[in-house]
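Only one chain is included here, represented as structure tokens and corresponding to the form predicted alone.
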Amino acid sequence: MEFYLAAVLIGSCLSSMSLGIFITMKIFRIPDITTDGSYTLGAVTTAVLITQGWSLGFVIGATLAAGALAGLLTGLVHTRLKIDALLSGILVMTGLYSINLTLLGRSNVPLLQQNNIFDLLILFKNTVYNQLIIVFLFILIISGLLAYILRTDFGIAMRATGSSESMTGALGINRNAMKITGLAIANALTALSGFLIAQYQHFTDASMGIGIVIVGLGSVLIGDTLINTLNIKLLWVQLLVVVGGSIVFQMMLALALASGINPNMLKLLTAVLVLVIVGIPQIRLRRSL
């Protein structure tokens, strides 16, 4: 039971990243690979500041700012230099690896002796239950704020930019500014997942973000499938479904590991799961034509 609760907890921690990918992939239709770097940047920022004794409130603000800066750089490279969005993300992600390693000072920093966000609430004897409550509250706040932003005039302008750039241009909306802002928000959310995971696992590793975008992509695709199947129109419900998709994806991995699959094959298993999630709707679509 503890094993599966841990999977739910990890999925909840990663759901902030899934919300970020939902913005780039489903709203702006941009394949943003910056995720791998900004996720690690969030964890690195957390490790560096916590070990120096900074308060959690300041650490959260700094993590958001660091992730937003990573997204801002990708947005500027894409919009100002007219470089393909995918390549822009790859360039920034590659540069962030060196930056993360430099900030961390070494490849791995333990956080076992540091107070973290999971120590703020102690209601149950079982530590996992306390951690779940804290993460659920955290994600509810983040999802609520994001739903509010996307329902404002500014958020509607962002969503319209993703739907039809020509139309928003005709309405006088600065499309480049919308893309840059969207990428900044998305990577700030991704960095928050790094903030949570670093404290949950009690260490930060400079390579912990490698391939993490695939996990987020799989989570979003699960959520998107549920949204389309259930015909969900309410924005805040869609965001919660994406959060649920992150948890479901981790549960699928947990079930596979529990069945005896070699942990060394976890990355391959993740790729196969995403391939299946992407491929099944395409097969159904072809059969219906």
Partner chain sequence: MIELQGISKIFNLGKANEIVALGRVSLCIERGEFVTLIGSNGSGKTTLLNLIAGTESPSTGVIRISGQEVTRLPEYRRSQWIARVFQNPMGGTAPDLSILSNFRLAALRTQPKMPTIGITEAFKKEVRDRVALLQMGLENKLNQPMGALSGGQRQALTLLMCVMDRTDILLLDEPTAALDPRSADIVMQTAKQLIEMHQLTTVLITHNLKDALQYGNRLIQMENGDIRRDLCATDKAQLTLKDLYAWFE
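Residue numbers count along the first chain shown, from 1. A quick note: this is a predicted structure, and the numbers were derived from the prediction, not measured.
Only in words, not in the display: the form predicted in complex with the partner chain, which the text now covers.
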{"item": "Contact of F124 with the partner chain in the model of the complex (heavy atom, 4.5 Å)", "value": "no"}
{"item": "Exercise: I141 in contact with the partner chain in the model of the complex, heavy atom 4.5 Å", "value": "no"}
{"item": "Residue contact check: S164 to the partner chain in the model of the complex, 4.5 Å heavy atom", "value": "yes"}
{"item": "D84 within 4.5 Å of the partner chain in the model of the complex, heavy atoms", "value": "no"}
{"item": "The partner chain in the model of the complex: contacting segment from 180-188, 152-160, 201-209, 130-138, heavy atom within 4.5 Å", "value": "152-160"}
{"item": "Of L101, L91, L76, I173, the one that lies within 4.5 Å of the partner chain in the model of the complex (heavy atoms)", "value": "I173"}
